[in-house]
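Form predicted alone, single chain, as structure tokens, below.
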């Protein structure tokens, strides 16, 4: 639990600092970024193992490795800018970062705000909770409290399917939602399979998966209309999937190969 609290606190502080100090990123094409010599990439640092902070307080994880690989492919330096779930799209749209490699699930609603690449990762999202709580489907959430990270895909999914009597409690990020579950503040939360693995490590046997909310592909996001940049990103992902480099990074951090629904979806 202390790990989750520390990650959330440090992420929030770094995100705040980034908002004040990050250079304004206005590059829209690969050539502009190459000319500048640096690409500013927004990523979460509170969503292990996709985004974490290493022992030196630097961004790390699967997303960080993908971001660095993209920068290397372009021949530029990677400036990794910590963002949070709620502010990652605003950071992109306000030009504080060039792109997002921030575990951003591809949804129709988000596609109205940003452009998405082909998937570079994929997760499954579940309702998880105390083993003593009987929940088999969305209807069983009636009258119960369930926690979600604000503005997350689990927030959208539960809000869309839960009965009106469900008490949906929204937290700033996954770390605080998990802390609420572990402390008994809420008996249920919406969480990805990677977050559930962290919960199982923190409290073996206390919680179980109730039902699946959705299967989610994650994409790299650019500002709308950045067609040259998006073409470069998609070509990069196709090449790295074919070479096996992307799968190697996924296995390094997730402990499993890239899901088939990620590998099969290309542009």
Partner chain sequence: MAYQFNFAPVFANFGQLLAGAWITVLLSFGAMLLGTVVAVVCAVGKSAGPAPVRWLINAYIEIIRNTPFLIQIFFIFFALPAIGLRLSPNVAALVALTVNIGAYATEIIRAGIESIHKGQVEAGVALGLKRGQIFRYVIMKPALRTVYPALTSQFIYLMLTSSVVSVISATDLAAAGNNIQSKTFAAFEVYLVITGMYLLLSLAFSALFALVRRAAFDYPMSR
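Numbering follows the first chain given and starts at 1. Since the structure is predicted, the reported quantities are computational estimates derived from the model, not experimental observations.
There is another form of the same protein, the form predicted together with the partner chain; it is not shown, and what comes next is about it.
The partner is absent here; in the predicted bound form, the one residue of 131, 137, 183, 165 having a heavy atom within 4.5 Å of the partner chain is 183. None of 169, 193, 94, 107 but one reaches within 4.5 angstroms of the partner chain in the predicted bound form through a heavy atom, and that residue is 169. Looking at residue 151, you'd find a heavy atom of it within 4.5 angstroms of the partner chain in the predicted bound form. In the predicted bound form, the partner chain sits within 4.5 Å of a heavy atom of residue 179. Note that among 99 to 107, 119 to 127, 81 to 89, 169 to 177, the stretch whose heavy atoms approach the partner chain to within 4.5 Å in the predicted bound form is 169 to 177. Relative to the shown form, the CA atoms of residue 105 and residue 130 are pushed 3 Å or more farther apart in the predicted bound form. The distance between the CA atoms of residue 118 and residue 156 is at least 3 Å longer in the predicted bound form than in the form shown here.
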